[in-house]
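Next up: a single chain in structure tokens, the form predicted on its own.
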Amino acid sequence: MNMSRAGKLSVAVTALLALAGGFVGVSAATASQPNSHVQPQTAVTGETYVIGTDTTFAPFEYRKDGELTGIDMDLIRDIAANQGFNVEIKSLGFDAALQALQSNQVDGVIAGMSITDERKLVFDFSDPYFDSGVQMAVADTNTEITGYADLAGETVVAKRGSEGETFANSIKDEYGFTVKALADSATMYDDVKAGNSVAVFDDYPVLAYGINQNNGLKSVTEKEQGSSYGFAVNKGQNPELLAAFNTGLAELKSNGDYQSILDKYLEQPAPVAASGFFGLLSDSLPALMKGLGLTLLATGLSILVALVLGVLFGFCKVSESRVLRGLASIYVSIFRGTPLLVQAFFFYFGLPQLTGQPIDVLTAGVLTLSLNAGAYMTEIVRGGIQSVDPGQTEAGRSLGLGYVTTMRRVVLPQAVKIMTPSFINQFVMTLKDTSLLAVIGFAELTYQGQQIYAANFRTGETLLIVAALYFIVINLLTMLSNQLDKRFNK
């Protein structure tokens, strides 16, 4: 096709303007990025991922001054910063963290988790970020156990699901000892010091950290070769997160930050001097008071919901309708006939798997406590109403009062007086039951106590403080409830 001179000139001008514009654009982009080390945009840039972890596995994850710290925590945070994504850490406990991952409550888990063939069937693992090993330790006053050959006929302890448990089980028949599993390192160490087990098998950096923190043990064997730790996601899910973790880990290793993290926690520090009881109390009180606040919040919300459920189903239990009585009986049978701990696991881990909708830990906790307490309150209401002399109802009806009016003016005022002591008792029971929510990572009073003794290994003293706080609060609330009872039920 022929083109006039004017047309050719126009095309040339347009091309020059486009070239100039592109050059200016490149210059502007260069000006906005003064160095060449800006992280490129990736599939995870700007995303927020929820990461589950253990609660008590120092030096990989533990709390210091109320903040979650350790090798795993520094690694995941530094990798996230390096790769441009954000992380929200959920401290759940090892078993609960794995269940949370399988129920999609979290996107990944980093918790000193050994990479095994069995776990590879369920999870996808990152490149190994730490090569572990196992050591055996005994009480520092024990002079009889110096090696595996001395374990014949004895009981040893290891952490459930850990490399230590796997190794202990692999040699137990050869040396003739029994292995039992507990949930966390601090509990295992106390089990040995109490004489319930003669030795503990644990990951060597965890054991070394505990011994340095005056946990009352001493290692008596060399380190055995163990497996490697890895970051895990659900099988076939979040491949971009796994790829970002591997890339970030490689960069941390190449620039020296990875080794700096290890040195920070694994270099032998000076032994920690134990403070007195009041020093422990002073250090622990802020975290414990935070936990107490959450305990009271969960208790208050649960009691309010349980009271509504108890009154509703209590009236159903004494209804003339067989359908209503049947529904109330089914509800009571289910929640009184199953353990509270199982209910907590179901609502936090099982329900999201069935519905596909995650549920936060406070909601799961309140749901568990309120439905459980509501079942008991249903029976309190039923018993209170049926304890009123039937002649009272007959008298009200003979005076021409309807059923509802008779219940409201004649039966219920008497029934409430009968029910009040049982309601107060149920309130106290619900407050104490909040301690079971620690297993799903609800940061109430007992959970905070676990965090404290996991770092300082002063289990007995810490639990004494926790028990004292429960005792004080329960007695104060009981006295308040009794005063309200006297005032309104004269």
Ligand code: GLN
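Predicted, not measured: the structure shown is a model, and the values here were computed from it. So that there is no doubt, residue numbering starts at 1 and follows the sequence shown.
There is another form of this protein, the form predicted in complex with this ligand, and it is not shown here; the text below is about that form.
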| query | finding |
| --- | --- |
| All of 159, 162 and 229 with a heavy atom within 4.5 Å of this ligand in the predicted complex | yes |
| Exercise: residue 113 in contact with this ligand in the predicted complex, heavy atom 4.5 Å | yes |
| 4.5 Å heavy atom contact, residue 54 and this ligand in the predicted complex | yes |
| Exercise: residue 94 in contact with this ligand in the predicted complex, heavy atom 4.5 Å | yes |
| Contact test in the predicted complex: residue 77 vs this ligand, heavy atoms, 4.5 Å | no |
| One residue of 417, 290, 119, 264 in contact with this ligand, assessed in the predicted complex (non-hydrogen atom, 4.5 angstroms) | 119 |
| Partner-facing stretch of 440-448, 54-62, 426-434, 453-461, counted where any non-hydrogen atom is within 4.5 angstroms of this ligand in the predicted complex | 54-62 |
